[in-house]
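First, one chain by itself in C-alpha cells, the form predicted on its own.
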Amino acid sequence: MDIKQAKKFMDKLVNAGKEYGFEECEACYATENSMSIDILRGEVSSYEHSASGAVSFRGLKNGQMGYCSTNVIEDASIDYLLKSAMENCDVLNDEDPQFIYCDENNKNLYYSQLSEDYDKNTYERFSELGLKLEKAILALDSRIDAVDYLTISCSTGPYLIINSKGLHSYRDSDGISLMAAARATDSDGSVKSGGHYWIGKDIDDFDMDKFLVKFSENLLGKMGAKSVKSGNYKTILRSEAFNQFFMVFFGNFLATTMQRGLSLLEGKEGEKIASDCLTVKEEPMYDKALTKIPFDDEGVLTTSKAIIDKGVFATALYDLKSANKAGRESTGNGFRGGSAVSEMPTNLVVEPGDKTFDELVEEVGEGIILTDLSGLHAGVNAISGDFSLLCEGYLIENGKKGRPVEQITVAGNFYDVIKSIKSVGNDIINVPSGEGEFFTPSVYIESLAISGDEE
C-alpha cells in the first residue's frame, strides 16, 4: 500500500472512530521495506527482501485510551480496530489522563530524509562487498578460524499519523548497517571472539581498511589475555563500554519510570548527580546523526536540551501523559512502541572533552581499560544502580596501553560511577539507540572495584 492509499484508509478510520463513540482518536501507519544478506563460508547463506506495513489505532473514551493494530489494511479491518480499542477502554482503569494532541500552529508536520544513495543498495552490491570483506577478515591473521557472522542490511519506510484534532504528521528515514564477528584460537588453545559494526546512509562511505583495523583490534587484541589481581583500579571505560553502561541505566531518566517510583532520580531535577565533567544532551536534529527527528509521535516538536548539564540533572524526558502528571510540558519524547506511547530518547550526545584516548591513558598512568561488558541485564539492578559485570580490556602500565585482560568482574553503582568521572575523551562513537543514536566518548573513572584471579 502506498502512502496515498494509507492516508485515505486512515482518514476513513479516524472519521469512523468519531462516529463509533470515541471522544478523540488517532491512526498511525508504519511500513518498512528491507533487504539483508548473510555471508558464511564464502557464500551468501541467506537473502531476505521484505515489505511490511501496519496500522495502529488508539481512541479515548471516558478517560481511558484503547489500542489496537493490524497489518490487514482494508476497509473490513476498520470495525475490528474500533471494536477492539473500545473493549480496551471498557476494561482499563488508568487514573492518569491521556491525550490526543495537535498544536494549532503545527497541524501539518512533514520531514523527509530519504537518501538518493539508497538505490545503490542491491543484492549484487551487498553480496560482492560481503564476500570481499569475509575474505579480508580471514586474511588478517592465520589464527582466525572462521567468520561466524557477517550481515549487511538496509531499510526504509514512511511513518504517518492522523488524528481527530487535525494532526497530519509524516516522517521517513533510511539506513544501512553492517555487522561482522569472528573467532580465533590463541596459542594456549583458548578461543577468542570479537567483531565490529558500521552504520551509514551511503554504501560508498564504507571504508574497508578502517573497518579491518578496528576489527583486528577487537579480535586479535585479545590474544594473550589473562586475569588481574583483585583491587580498586583507575579505570577507563572505552567509548563502546561507556555507551553500553550508560544506556542500560538510561531508563532512570524517563519521567514515567520516576513517577512509578522505579528511579532514584525522582525529585532530583536541578540537583547535582554527576561529575562536572559530564554533560549529556539530547539533540534530535544533530548534524552528525543519520536520522533527524523534528517531532515526536504525539505531534510535539522536539528540542535540543541538556539531560545532565555539567553534573546537574537538568531534565527528565516527558511525553504528554507524564508531563501532565508532573505539571510540566512535554519534552517531545513521546514515541510509539507498537500502539502505546512512552518516552524514548532521540539522538543523545555525551559532550566530548579535549583529550584523545591516548592522552586519557597517559593521564591514568596505572590502571585498567574496560572495552567489553557482558551480563548487562542479569548483572544489573536498574533501580538501585548496582551492577556486577563480566568484562574484558587492557592494563594501563606507565601511561600506555598494556597487555589484554579477561576473566574479571567490575562491580559498583551507576550513580557513584558518574560522580567519579575525572576526564572525558574526544574519541566519539555512535551506536543506534532509542529513536536515534547515542554518541559517546571514553571516560576516565577515578576508581572501580575489579575482581580477578591472577596467580
Partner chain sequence: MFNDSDCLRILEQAMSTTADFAEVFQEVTESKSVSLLNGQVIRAATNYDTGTGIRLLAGTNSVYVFSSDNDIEVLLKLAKEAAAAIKGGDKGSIEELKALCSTSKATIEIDPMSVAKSEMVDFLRQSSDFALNYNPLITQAASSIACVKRTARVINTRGVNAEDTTNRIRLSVETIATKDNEKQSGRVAPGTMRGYEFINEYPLIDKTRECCDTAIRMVNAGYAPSAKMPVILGNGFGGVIFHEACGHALEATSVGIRNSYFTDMLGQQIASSIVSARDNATIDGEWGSYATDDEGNTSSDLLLIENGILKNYLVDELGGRRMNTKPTGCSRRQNYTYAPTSRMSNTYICNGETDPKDIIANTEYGLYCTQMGGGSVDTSTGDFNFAVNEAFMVRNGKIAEPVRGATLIGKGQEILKNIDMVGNDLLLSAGMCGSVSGGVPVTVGQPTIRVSSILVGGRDAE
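This one's a predicted model, so the numbers in the text were calculated from it and none came from an experiment. Residue numbers count along the first chain shown, from 1.
The protein also exists as the form predicted together with the partner chain; that form is not presented, and the subsequent description refers to it.
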| property | result |
| --- | --- |
| Interface residue in the predicted bound form among 375, 365, 337, 166, criterion: non-hydrogen atom within 4.5 angstroms of the partner chain | 375 |
| Candidate stretches 376-384, 295-303, 196-204, 354-362, one within 4.5 Å of the partner chain in the predicted bound form by heavy atom | 376-384 |
| Proximity of residue 389 to the partner chain in the predicted bound form, heavy atoms at 4.5 Å | yes |
| Contact of residue 417 with the partner chain in the predicted bound form (heavy atom, 4.5 Å) | no |
| Residue 428, heavy atom within 4.5 angstroms of the partner chain in the predicted bound form | no |
| Touches the partner chain in the predicted bound form: residue 187 (any heavy atom, 4.5 Å) | no |
| Check all three, 47, 93 and 262, heavy atom within 4.5 Å of the partner chain in the predicted bound form | yes |
| Stretch 46-71 - residues with a heavy atom within 4.5 Å of the partner chain in the predicted bound form | 46, 47, 48, 49, 50, 51, 52, 53, 67, 68, 69, 70, 71 |
